[in-house]
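One chain follows as structure tokens, the form predicted on its own.
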């Protein structure tokens, strides 16, 4: 494969992660991006008019890179909203620096929008179920010469990824590793392997435990890639007993001030906390927000399956950017402690700051986190006085009152 690094170095040097978390150990492009771009350069040398689909671009290196290499018909699917925003910001930055005007379009998780591409570049997702769905979409709408090239860091790859791709393509082989990254090349799309859209959602009935009426069994729905799937993750289970009491307390505070009570499930995942909030009080306006397409879709399905659609609004948002200042009485959150594959607390701290902005004075932030992370000093500094409600060897639950 040709080495496109020199040609694309000016572009890659301009890339930034913002509005994603910025840190010394986090970069806007990596060795996997460069390997994928080398493969793209080779393909575009022989087929300059190739239609290109990019899947899982983290901050724009792949999408802007193939455009810089000459591709004029580029579509991109990204699960996180912050990845879309970062791509668009980097495109503007590159044009302002004198680079080529990129031509690309964002597409939805819709089989029809994955059809008809000549070359597909994919940053391999960690979720095998999501990989299965995405590869199925590509294969279902492919022509015989369509080629999928997927890459990841070697330490995050295993044979199960190859087996998933082999369900959808007749030939799958791996490249040699370079800079601790490797590619999988998939060719010969198999017909009829895509999971029908109506069957993409996993669903299960889950006992939430406890005697509170808000904790009766819940139907949890999950699209491929959703955290914990259609099950109850153990952190949420620790948080659940505290959610309904906090919701009712929020309603009491709002009622005393003669206004509508409002609660937000920040990082809603599959919507379990949003559903419990809605069950806790019909007087509570509930908003569920997550930056992931798959999470927002999962929450919408969970809320609908439990007959709560009239009580919960689901929004795809970066943190709480769409919410006004001082507009909520309660925020509940089970924050992640990973940024991509890296362990990093920056995203949780950003979530706390976003909640602080949106909470009314006297409003409360209810959080569960891994006990070893010791977020309490951060919560006290960023939001306000913090008390511990529960703790065990793995998880801590805190309640913080907005100053």
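Positions refer to the first chain, counted from 1. This one's a predicted model, so the numbers in the text were calculated from it and none came from an experiment.
The next section is about a form of this same protein that is not shown, the form predicted in complex with a small molecule.
- With the small molecule left out of view, the stretch that reaches within 4.5 Å of it through heavy atoms in the predicted bound form is, among 136 to 144, 259 to 267, 246 to 254, 167 to 175, 259 to 267.
- Proximity to the small molecule in the predicted bound form holds for all of 273, 336 and 347, with the criterion being a heavy atom within 4.5 Å.
- None of 236, 78, 323, 129 but one reaches within 4.5 angstroms of the small molecule in the predicted bound form through a heavy atom, and that residue is 236.
- Think of it this way: in the predicted bound form, the small molecule has a heavy atom of just one of 91, 124, 149, 292 within 4.5 Å, and the residue is 292.
- Among heavy atoms of residue 319, some come within 4.5 Å of the small molecule in the predicted bound form.
- Residue 35 falls outside the set of residues with a heavy atom inside 4.5 Å of the small molecule in the predicted bound form.
- In the predicted bound form, residue 351 approaches the small molecule with a heavy atom inside 4.5 Å.
- Looking at residue 227, you'd find a heavy atom of it within 4.5 angstroms of the small molecule in the predicted bound form.
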